[in-house]
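Given next, in structure tokens, is a single chain: the form predicted alone.
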């Protein structure tokens, strides 16, 4: 049951939802895919606040501007298409992107490199397969065609194992490139390719926020209230530039938090977070 008192704190999940929502422009068409409740909530939050003219294409149902009563445990649920103005087929979705009409999509990966390339295909090289991953699900095509990409991950923090080794989510290079960033595996810049899209422009993680500099390299731009540059460095597998205006990120206001909690009363989005991260809270001003 929702509290009748005004929120005085926000959780890490709510902060990530807000930061993802800030990457969404008004008046564009955006698609959120199947898997992430953080992204689903971010799109609805954006449309309810700064992007009322957003055309939201829901994952699984492909409903246009749905108004779900609440977030369901799976995105493949008819309730997530509730109140949609209409729906499209999956082939039409790819046509929209290929014709340059999809403004933003959201992608992630088990590996994300410094150029914004992502791997959801395999771990290991051509000689040895260490792990088979789910695959791109069309992300390769869309990463080339969609105008802008927001990358997100709730698993940036890379804790050492019993042997003191860390498995980095943000890594120097991907074992396999599924979704395309700003530099190909043969060191060809994206700008020299004939892709429609501009590539990723933001990374939202559980530790910090990044953009990409003019060379297409991930750059640290914001910390969270409880993280430091040292925290980010020890959990990142590559060296990164730091924006000269580095600051602590903005928190959502109480009304935004109330909106998130009303749309997600079962806290489905917390499934993306580690147990420790579910307990991270930040005091709101005022």
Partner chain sequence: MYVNKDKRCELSELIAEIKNGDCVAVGGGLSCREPMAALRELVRQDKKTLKLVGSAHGIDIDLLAGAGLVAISCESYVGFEQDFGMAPNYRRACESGEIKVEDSCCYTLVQQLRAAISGLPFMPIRSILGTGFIELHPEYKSMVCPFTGDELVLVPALAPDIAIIHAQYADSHGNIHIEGPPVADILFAKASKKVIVTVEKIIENDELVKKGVTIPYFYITGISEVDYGAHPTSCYPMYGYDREHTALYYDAAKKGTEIFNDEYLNKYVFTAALNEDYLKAVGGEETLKKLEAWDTSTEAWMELYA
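Positions refer to the first chain, counted from 1. Because the structure is predicted, anything quoted here is derived from the model rather than measured.
Another form, the form predicted together with its partner chain, is not on view; read the next lines as being about it.
**OP:** Select, from the options 42 to 50, 225 to 233, 55 to 63, 253 to 261, the stretch whose residues sit within 4.5 angstroms of its partner chain in the predicted bound form by heavy atom distance.
**Re:** Going through the listed ranges, the match is 55 to 63.
Subject >> Non-hydrogen atom contact residue 176 with its partner chain in the predicted bound form at 4.5 angstroms >> reply: It does: once its partner chain is placed as it appears in the predicted bound form, residue 176 has a heavy atom within 4.5 Å of it.
Original post:
Does residue 145 reach its partner chain in the predicted bound form if we count a contact as any heavy atom within 4.5 Å?
Top reply: Answer yes; at least one heavy atom of residue 145 falls within 4.5 Å of its partner chain in the predicted bound form.
Original post:
Using 4.5 Å between non-hydrogen atoms, is residue 149 touching its partner chain in the predicted bound form?
Top reply: The answer is no: residue 149 has no heavy atom within 4.5 Å of its partner chain.
**OP:** Although its partner chain is absent from this view, report whether residue 156 comes within 4.5 Å of it in the predicted bound form, heavy atoms only.
**Re:** Result no; residue 156 lies far from its partner chain in the predicted bound form.
**OP:** Please state whether all three residues 9, 22 and 201 have a non-hydrogen atom within 4.5 angstroms of its partner chain in the predicted bound form.
**Re:** Not a single residue of the candidate spot has a heavy atom within 4.5 Å of its partner chain in the predicted bound form.
Original post:
Who in 186 to 210 is close to its partner chain in the predicted bound form, meaning a heavy atom within 4.5 Å?
Top reply: Heavy-atom contacts within 4.5 Å come from 193, 194, 195, 196.
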